[in-house]
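Taking the form predicted on its own, here's one chain by itself in structure tokens.
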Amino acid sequence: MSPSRMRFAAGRIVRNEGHGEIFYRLEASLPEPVEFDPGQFAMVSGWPGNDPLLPRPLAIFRAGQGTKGKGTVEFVYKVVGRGTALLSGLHPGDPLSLTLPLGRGFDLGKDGRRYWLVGGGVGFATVFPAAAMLARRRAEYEMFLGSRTRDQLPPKEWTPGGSAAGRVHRCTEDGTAGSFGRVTDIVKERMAVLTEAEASRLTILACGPREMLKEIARAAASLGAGMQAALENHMACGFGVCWGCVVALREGEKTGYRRVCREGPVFDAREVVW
């Protein structure tokens, strides 16, 4: 599937529901369907007035065909500041302004690869679309989902392929659900028992806190496994004009800078200066 070109769209909220007072799932109707690569995002706003002035970046969770040739798009988000707090107060029928799809998503084009998808915190909203695509392709994949407590894990009914035995590994830092501990440690323990051949065909797709990505990236590099990291840098414009979300990347013996919103948010983890 080729993603649509970036567009500005005037949508309308279909639902904006809270789940466990942690996550919200927002669905909006669009004038026409939009296609996206897993890992791409949208800049979203809908609150009245201009405070805050800038829209908020949200990973595209799902997009599809609506009625009468229209489209639908869904987002999962967590309230972390004023913008997302205002977003959570919007209701069905309210207008929504969107710019989408934006950025570069995950590269899932290689055959014969084994994939591990790692979501820390609300990072699951970025890797779940990749899981859905891999499931449609009948590719080999597992998911590792981590949070501080069970209330911060995504609902099981949202999890693509969650009914398959051994497919999804949940862990919490307080031990209230799944394995006890950080998702970083669970992934590293699994990596430690891989053979060289198994590691060579493994690609990790990850989104979450920077320290989580950093630890997993170093472990993957030491074993020769591939890793693509979706970064969550703060963004202002969302399409590369302001240069406010740059990340340092290795370019041979030098360091270069790239825009997370434009050249990312997904990068080869081996190139990121952690």
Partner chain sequence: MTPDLAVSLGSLRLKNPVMSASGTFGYGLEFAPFYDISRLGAIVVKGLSLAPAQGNPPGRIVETASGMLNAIGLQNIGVERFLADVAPRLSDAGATFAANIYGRTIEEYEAVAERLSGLASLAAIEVNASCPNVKEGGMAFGATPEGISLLTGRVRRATGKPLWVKLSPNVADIASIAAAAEDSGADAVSLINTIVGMAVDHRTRRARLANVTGGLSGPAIKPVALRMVWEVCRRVKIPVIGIGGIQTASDALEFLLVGAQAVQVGTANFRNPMACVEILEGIEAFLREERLHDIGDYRGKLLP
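Residue numbers count along the first chain shown, from 1. Not measured: the values here are computed from a predicted model.
We do not show the form predicted in complex with the partner chain, though everything after this point is about it.
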>> Just to confirm the contact call: exactly one of 214-222, 201-209, 25-33, 54-62 touches the partner chain in the model of the complex at a 4.5 Å heavy atom cutoff, so which is it?
In response: 54-62
>> Give me the residue from T72, T159, T99, Q152 that has a heavy atom within 4.5 Å of the partner chain in the model of the complex.
In response: T99
> Taking 4.5 angstroms as the cut-off for heavy atoms, does R7 touch the partner chain in the model of the complex?
Replying inline: yes
> Does any heavy atom of G20 come within 4.5 Å of a heavy atom of the partner chain in the model of the complex?
Replying inline: no
> Counting only non-hydrogen atoms and a 4.5 angstroms cut-off, does N50 reach the partner chain in the model of the complex?
Replying inline: yes
> How about K68: is it within 4.5 Å of the partner chain in the model of the complex, going by heavy atoms?
Replying inline: no
>> Counting heavy atoms only and using a 4.5 Å cut-off, do V118, R167 and R170 all touch the partner chain in the model of the complex?
In response: no
